[in-house]
Ligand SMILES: Cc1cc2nc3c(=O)[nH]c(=O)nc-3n(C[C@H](O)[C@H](O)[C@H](O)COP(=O)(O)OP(=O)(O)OC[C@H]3O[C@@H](n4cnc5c(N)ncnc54)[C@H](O)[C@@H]3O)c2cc1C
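As a starting point, one isolated chain is supplied in structure tokens, in the form predicted alone.
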Amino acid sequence: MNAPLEGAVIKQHVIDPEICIRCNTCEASCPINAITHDSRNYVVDVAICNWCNACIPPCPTGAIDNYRTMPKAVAYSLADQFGWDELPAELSRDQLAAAGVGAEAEAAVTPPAPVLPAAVSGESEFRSADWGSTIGPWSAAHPYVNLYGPKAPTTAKVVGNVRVTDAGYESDTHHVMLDFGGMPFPVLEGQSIGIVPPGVDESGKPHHARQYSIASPRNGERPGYNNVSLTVKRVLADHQGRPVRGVASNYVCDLQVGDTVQVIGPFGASFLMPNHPRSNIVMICTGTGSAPMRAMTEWRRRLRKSGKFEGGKLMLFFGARTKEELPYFGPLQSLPKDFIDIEFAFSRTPGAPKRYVQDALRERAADLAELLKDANTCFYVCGLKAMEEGVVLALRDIAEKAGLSWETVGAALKREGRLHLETY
């Protein structure tokens, strides 16, 4: 049950539907599957939640950092929470008293201390999410978050929309550029923003914002301009392959130059690149997970051009079904080999064996082992959830075959903000 349930009162963990941007980080980081969602809301199951708090640090908006003092017998059910458009207020003392809860019982509610995930606490179960950092690297620049919320979004103008996967293929991914004009919108590589689609859903309610990683560096898609870019794939089927038309993705992909969009954010305070000029960055991604990797690469490229880059290694492991479905394939090919070390992995190339990013990692084990030994190395994983476990297991195997203790190396990566997992 929720909290140490001595007496009739619990401190129920709830998610604010007005702030939540449905990024799935809470559900992905919960080690006991206490968080679930429907088409509108992410919710916490009071019957499962044990207050480990593993879901709280990864939340980019703070939507999950909410609690309600509740009589145990009338705690909010999943059905209650799925129906919320906003958080209910705390029950008053009179309401608690009417439920048979006295003032002494209310004061006695105390959440238990957080516990470490199983894999970090020494138990044998391996969960890739347990190794992800919830803090940024020590040298990361200060991020600004939640400057614009759902109740007061800002407006951006579309200044570019270019398809970045080959035409004639199922995959349709766009590079969309947004300009904020004179409105302050400071961002860092690795952060994201929310786009609010116009109109209402089938129940007549306004659409929720959808989150997209920023694909441009901190000084803009065009240096000196107040703009950002996004990498958005048109969604025409769900994860089970059933036909579905993604509201936000199709809206964004169909935007025309000159259109305006409602934007909230920025979000994200941990998936940040190190500022240390000799730091190494290893980027592992699939599909539109390339967005933050493009932003980091471009920032490093600009640093190098300005003479501020001191030689940290840059590695990119980029997976897709085919090269025609891989965003930015052409521009990536033109980057100098002495600047970035790129490995492509294609899983559906006709006549070729399937090759995934974890396969590419294992093939470069010798190089990655040296980077795992180096405290200046940060690892970033972004893309489909299905690849996450394979990637972290590959890093573990590479470390152990090099004579390193994954318990030691992995714990250091997590503790020092050097392994970041952003999968969906």
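These numbers come from a predicted model, not from an experiment. Numbers for residues come from their place in the sequence shown, where the first is 1.
The form predicted together with this ligand exists for this protein as well; it is not shown, and the discussion that follows is about that form.
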*Which pick from Gln211, Ser216, Asn280, Asn161 sits with a heavy atom within 4.5 Å of this ligand in the predicted complex?*
Gln211
_Exactly one residue in Ala99, Leu303, Val247, Ala141 has a non-hydrogen atom within 4.5 Å of this ligand in the predicted complex; which is it?_
Val247
*Hey, with this ligand in the predicted complex, do Thr231, Val235 and Tyr424 all fall inside the 4.5 Å heavy atom range?*
yes
*asked:* How about Leu188 - does it come within 4.5 Å of this ligand in the predicted complex, if we only consider non-hydrogen atoms?
replied: no
*Contact label in the predicted complex: Ala291 to this ligand, heavy atom within 4.5 Å*: yes
*asked:* Taking this ligand as it sits in the predicted complex, is Cys23 in contact with it (heavy atom to heavy atom, 4.5 Å or less)?
replied: yes
*Using a 4.5 Å heavy atom cut-off, which stretch among 254 to 262, 283 to 291, 216 to 224, 330 to 338 contacts this ligand in the predicted complex?*
283 to 291
